Every structure is written in structure tokens, then in C-alpha cells.
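As C-alpha cells, one chain now follows by itself in the form predicted alone.
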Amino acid sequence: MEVLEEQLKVLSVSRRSRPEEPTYLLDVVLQPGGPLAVSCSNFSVRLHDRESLRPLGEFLGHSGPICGITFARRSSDLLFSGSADGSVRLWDVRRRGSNAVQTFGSDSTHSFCSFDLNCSDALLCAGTEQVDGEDSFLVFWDRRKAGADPLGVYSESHSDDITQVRFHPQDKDRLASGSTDGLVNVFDLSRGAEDEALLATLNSDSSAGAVCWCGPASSRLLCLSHDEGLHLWDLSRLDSDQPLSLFSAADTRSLELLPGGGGVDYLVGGSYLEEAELLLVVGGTKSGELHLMSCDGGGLRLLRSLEGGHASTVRCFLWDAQGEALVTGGEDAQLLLWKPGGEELTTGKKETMKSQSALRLKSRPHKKHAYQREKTT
């Protein structure tokens, strides 16, 4: 952890990609040993060189906002993207600019707002928006079966938009889901039926926006809410009488995290850096400043503030451990590469770019639910 913290303390902008078309950059993922993939608010997925950020290609095909992207683990040339158009598409990054290799769909009423692929690359799951004002669904497919119908759905665990689904990094059957109903559910899919598979229901007291597996053996779960709340739970305590909550902040904007007593305006997300055993949480200010923080049972601790990069809200980030670099993307359409002691070849910040096609966060009232928990037997 100490080595990583020292690297973070000397980060500066090394490269900057400025696309011709103004568009929000929503998510960024890295192919092991390969390029970066970035999802954009114009419904496209773009590839960039991981070192120079040079554009390498683009995938087109979605007709609605993209809700996420991920590379397969065992076949890293395969890139998946999910969309509100009701499809999850599979692309081959060796065939840049080509059509999707495979498309997964379900009921015509389903609009996806989250998806993920499990660690064995065999199972896909997508979370839907609320359908007809009543139900929302977790939809499952066998990724290996071309043109196959969904394996099935879970329909009882959430009552509003399922904003996040995240498979466990090592357990192919463990799944966490978050929703605007305020609940974060944890499932063991090997148990089959939904009521049997549900291991725990956690209450975020707000609209859950993102979840992240973290900690030793990925036994902890981080939840970030749409109103900047943060919760850290220890799921290794499920079979004990100990409280699951390690740390909770209803509104991180009220925490005095910055020098001089200020706070962040918003949270970008969280990522567990396994080699450093560090849960990295990134927050920002509306002016484009970024704040890198560690998170554990003691709360949030500021590691580094980054200036001179973005000109508006940052939407996504990743830490490239192999390249010892931070990658960030935002609403100013810029993709930035930050490296220890980096020296940018160009100077100046790009003016804020606002895209009419940008994915805008819904402000739907969430439902409050009493905390409940089912323990494993």
C-alpha cells in the first residue's frame, strides 16, 4: 500500500485525448495487455491505446444509452456492452469497427440499466428498469450459447430500477445488485430459485448507484448512492452476530476531507486494488478537480488531490497497475492518463463540452425499506 500511495502522490497528466465530437465518457475498462475501451453518451464504444490514448477504433450498434462495458477474463479479445435498448452485445476487439459478434436480448419491455459477466465468462446478468411501474428484473443468459433465450429471471428482490449488478471476482455464483429502491442484495446463484439464492438484503437508506466487491478475499461490499452516500459492509460476518456495517456516511459531501475543511461535490466510484490491498474511492468537484481517497472501517482518508486535468464532472476512472497509471474520463469529453511524474505534451484544459445525447441521471424517488438479512444455513 505504501508504494502505491507514493505513486499517487506524484501523479500528473501525461496524455490527453480530445475527440472531435463532444460526448460524455461514461465508463472505461482495460483489456489485459491491450487497449482501453470507453463507453460514450452517443451510444458508441471507443478503443484507445493504453499508453498514448490514440484512438484505435469504434463500435456502433446500440440505439440507447450504454449502461456498462467489460472485457471477458479468459478470452480478453471479447468486449461486452449493455444498453437501455434492451440488448447486451459482444464485440471482438480484433475486428475494430465491425458489427457485434453476438447479441443477447430478452422481453421487449426490458430496458437495461446495468449488466455484468461472471468470472468464468459463462454467465451474463443484466438489471432492468422498472417495468410498467411495478416490477424490475435480473435477467440471466448462458454466454456460450449463441442466440439463446435467457436462462431465467429474478423478479421479486427489487421494486425499482436495478442500477448495478456485480459478480464476485473469484466466486462465479456470487452476485450483488443495487437499486433505486434503496436495497443492495447478495445472491448465491448455485442455490437456484430466487428466494433460496438470496443471502442478504442490505439497506443503503437511499438510491443505490454503484456497488464494488473489495477487501480480503473480496468479502466486503462498497455501496455508493446517487445522493453521495457511502456504505461499507463486511459480508464475512453473515454467519455471526456482529454488525455488517464497517463504515457509513449518509452524505460524503458533509465530511471535511480536504485541506482547509472542505468536502467533495460528488463521488465518481470505487475500485479495490488487490495488490496494494487498498479500496480506492474517487471524488471530485464541479470544477474538475479529483480527490483520491482510501476507504476502510475508519472511514475515508485523502491520499491525493489532482488539478489541471478535467474541466467538468468526471464520470469514470481505472487504475492500471501494470502501467502504474490512472485513467479518467468525464463530461468534458476528455480521456486523461495520469502517471507518476508525468509531463503532458500539450498544455491547457479543454473547455467544458456538453452533449445533447448525454446519459442523464434519473432523479426518481427511492423507497425506504427496513433493514433485513437472511443468513446462510
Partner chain sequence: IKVSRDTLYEAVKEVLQGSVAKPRKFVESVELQISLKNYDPQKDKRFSGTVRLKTLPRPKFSVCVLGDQQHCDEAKAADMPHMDIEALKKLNKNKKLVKKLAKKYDAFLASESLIKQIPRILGPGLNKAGKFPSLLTHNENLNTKVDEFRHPVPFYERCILLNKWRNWVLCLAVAVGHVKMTEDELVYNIHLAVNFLVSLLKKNWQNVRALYVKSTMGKPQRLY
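Residue numbers count along the first chain shown, from 1. Here the structure is a predicted model, which means the values were calculated and not measured.
What comes next is about the form predicted together with its partner chain, which is not displayed.
- Of the candidate stretches 273-281, 175-183, 294-302, 139-147, only 175-183 contains residues with a heavy atom within 4.5 Å of its partner chain in the predicted complex.
- Listed residues 243, 192, 216, 259 were compared with its partner chain in the predicted complex; 243 is the one with a heavy atom within 4.5 Å.
- Scanning 109, 155, 120, 287 against its partner chain in the predicted complex with a 4.5 Å heavy atom cut-off leaves one residue, 155.
- Each of 135, 251 and 331 comes within 4.5 Å of its partner chain in the predicted complex, counting any heavy atom.
- Using a 4.5 Å cutoff between non-hydrogen atoms, residue 92 does not count as a contact of its partner chain in the predicted complex.
- Although the partner is absent here, residue 255 is not a contact residue: none of its heavy atoms lies within 4.5 angstroms of its partner chain in the predicted complex.
- Heavy atoms of residue 96 never reach within 4.5 Å of its partner chain in the predicted complex, leaving it off the interface.
- Although the partner is absent here, residue 88 lies well away from its partner chain in the predicted complex, with no heavy atom inside 4.5 Å.
- Residues of 185-209 placing a heavy atom within 4.5 Å of its partner chain in the predicted complex, in sequence order: 185, 195, 196, 198, 199, 200, 201, 203, 205, 206, 207.
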